[in-house]
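Okay, so here's just one chain, in structure tokens, the form predicted on its own.
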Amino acid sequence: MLVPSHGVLAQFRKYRVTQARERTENALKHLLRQATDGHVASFTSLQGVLRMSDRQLMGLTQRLEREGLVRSEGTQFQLTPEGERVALHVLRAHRLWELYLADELGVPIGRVHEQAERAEHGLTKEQLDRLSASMGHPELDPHGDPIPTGDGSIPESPGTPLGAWPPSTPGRIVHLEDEPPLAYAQLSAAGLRLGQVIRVIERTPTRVVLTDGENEFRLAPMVAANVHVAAVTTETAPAAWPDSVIALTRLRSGESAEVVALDPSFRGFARRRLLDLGFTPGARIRSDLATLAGDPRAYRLRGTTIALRREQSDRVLVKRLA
């Protein structure tokens, strides 16, 4: 039987193959996530993630069992060793691609998850090995999640959930869970980011209140659970800098300052771009103009006006000039 290699029928056949692979990999990734969180995936949880009809999902799970990727007990599902290998490969692709988008292409952090969801499918181990090597074999993605290694192992997730962190004790944010996306969007909109040092100043059944010493952040407990922190060390504490060193964001309109450094956690393309623009130690900068919304803000540097978003200016450390 001849199979068309071009035209509408060929494109439709290619779409069906791609869709089947994506559904398979998304199902295996969900099972891995559930197992990592100490849960067992069910028919209902798979349906919520894949948005398939009962008939479609039954056909998918039966195929996964036939291919030796999944075993079932009633309506619950677990990965086989081969299924776990495939799931870890997809997870590695997702997290490496997120890091590449954020660090190398400068994609805003709030958009990398969605784009990585589309790009993670169909990448070979060799392609991922090259991508990892090009970025220096990173261990964490932009949200602080550990990236599985090429041999299929996955490091332990860093940090302690905020709910288990003692009140009034400084903690450095090392992980912001990006699923569900709505919770991550709330954390990002609140202004929380990796590397930030915070303290819990209030915890009730209805809210968790944090402070970074300047601002307060009020979060629902379910959203706060997506924040993981670790002990503050001398290398990561803001106290390692003099009190006179502030984030560029805090510079008022018309004020001038001298660039001290870029935040060490600011990496990849975005960091290189700021350095290329002249944000180097000793450079003089003036806060010129803010939009009505306050973001982005214009700065005058080396005779040029440059617009920076808050997430960028937060990473530039400066010292006010008298």
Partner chain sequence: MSVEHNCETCPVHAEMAPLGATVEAFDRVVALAGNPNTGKSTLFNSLTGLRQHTGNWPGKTVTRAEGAFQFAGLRYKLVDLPGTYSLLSTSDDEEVARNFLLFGRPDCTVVVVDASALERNLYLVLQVLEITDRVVVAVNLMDEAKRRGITVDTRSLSRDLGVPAIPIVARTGDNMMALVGEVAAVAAGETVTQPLRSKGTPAFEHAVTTLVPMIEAAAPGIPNARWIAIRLLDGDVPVEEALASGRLAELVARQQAPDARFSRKIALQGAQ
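The term rigid core refers to the maximal set of C-alpha atoms that superpose within 1.5 Å between the two forms. Residue numbers count along the first chain shown, from 1. Keep in mind the model is a prediction, meaning the values are calculated, not measured.
The same protein also has a form predicted together with its partner chain, omitted here; what follows describes it.
Stretch-level contact check against its partner chain in the predicted complex with heavy atoms at 4.5 Å: of 39 to 47, 24 to 32, 276 to 284, 58 to 66, the positive one is 276 to 284. In the predicted complex, its partner chain lies within 4.5 Å of some heavy atom of residue 193.
Contacts between 297 to 317 and its partner chain, taken as any heavy atom within 4.5 Å in the predicted complex, involve 302, 303, 304, 306. Residue 63 is not among the residues whose C-alpha shifts by 2 Å or more between this form and the one not shown once the rigid core is aligned; its shift stays under 2 Å. Relative to the superposed rigid core, residue 32 undergoes a CA displacement smaller than 2 Å between this form and the one not shown. Between residue 188 and residue 277, the Cα distance is greater in the predicted complex than in this structure, by no less than 3 angstroms.
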